[in-house]
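Next comes just one chain, in structure tokens: the form predicted on its own.
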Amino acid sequence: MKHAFVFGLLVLLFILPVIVLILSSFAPGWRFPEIWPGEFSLKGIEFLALHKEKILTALGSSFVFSLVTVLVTLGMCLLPASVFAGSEFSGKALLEGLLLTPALVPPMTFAMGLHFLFIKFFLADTMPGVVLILAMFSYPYMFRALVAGYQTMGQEYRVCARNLGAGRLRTLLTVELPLLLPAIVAGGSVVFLVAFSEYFLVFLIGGGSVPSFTGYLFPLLSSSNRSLASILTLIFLFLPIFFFLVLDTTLIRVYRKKGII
């Protein structure tokens, strides 16, 4: 009974803001202290249809650089996670703490020093620069997930594959990555959310040249067009949910095909 109450409370806390956003999408003039909108309008939908190309471009750009960020962080973290999970050495705790620093430092502090270097290396105002800064900021989430995945997997499968003649690359592709798939999905989900919802880093490094959904959304949040802001916020909310549902369904089918579940 207690668990059902807590679950119901959490569902209510999630649904209520969504209901407010839906009402606000069709009621641009809804203001405090009105409990219920006095007038409904489709101006937000009309504006969305009129500027759909810009919005879809920003949405597609955010989706692409978020997915690429996940792949880059995966490449960055595979070897360090394998070493940290299977080795004990002096200063390991200190080094691990240093590797997790980007997750603890505010994005502004983290990015301002790197911005000068990105300008020197011609990475500012480019998509690769945005991906790189997001990967450097969010890789600790993938790193921790992969360390836990390697610890759960153990060394036996890798040693067995090497004893049977598999090389390092084949062992990685056919043994380690399939067994690390749950950890990759867990870490990649967090990295995707961080990259997709990041505004300051994309704006600073992208310089406005790299379109992003948050860059289109944030100015609207403080504007008078509350209807369009509510609609875009709903899209911002449900797109990652839809993506994770598709990912979850795909993984279940893959596991069932392999007879794991």
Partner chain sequence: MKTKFLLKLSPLLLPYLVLFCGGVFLTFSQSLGFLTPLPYEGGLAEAYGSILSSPSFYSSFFFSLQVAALSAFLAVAAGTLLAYWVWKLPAKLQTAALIYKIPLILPHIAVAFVVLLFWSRSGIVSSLAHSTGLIEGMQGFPNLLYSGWGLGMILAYALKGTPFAMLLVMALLLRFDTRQIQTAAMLGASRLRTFVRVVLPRVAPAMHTAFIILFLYSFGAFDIPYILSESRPGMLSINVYNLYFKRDLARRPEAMAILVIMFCFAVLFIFAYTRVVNRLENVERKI
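This is a predicted model, so every value here is computed, not measured. If you superpose the two forms and keep the largest set of C-alpha atoms that fall within 1.5 Å, you have the rigid core. Residue numbers count along the first chain shown, from 1.
What comes next is about the form predicted together with the partner chain, which is not displayed.
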query: Site check F63, N163 and V191: each within 4.5 Å of the partner chain in the predicted bound form by heavy atom; finding: no
query: Among the candidates L59, V210, L217, V68, the residue which, in the predicted bound form, approaches the partner chain to within 4.5 Å (heavy atoms); finding: L217
query: is_contact(K2, the partner chain) in the predicted bound form, heavy atom dist at most 4.5 Å; finding: yes
query: Contact of G86 with the partner chain in the predicted bound form (heavy atom, 4.5 Å); finding: no
query: Contact of E34 with the partner chain in the predicted bound form (heavy atom, 4.5 Å); finding: yes
query: Any non-hydrogen atom of L114 within 4.5 angstroms of the partner chain in the predicted bound form; finding: yes
query: Residues in 97-120 with any heavy atom within 4.5 Å of the partner chain in the predicted bound form; finding: L98, L99, T101, P102, L104, V105, P106, M108, T109, F110, M112, G113, L114, H115, F116, L117, F118
query: Core-aligned C-alpha movement of V246 between the shown form and the other one, 2 Å or more; finding: no
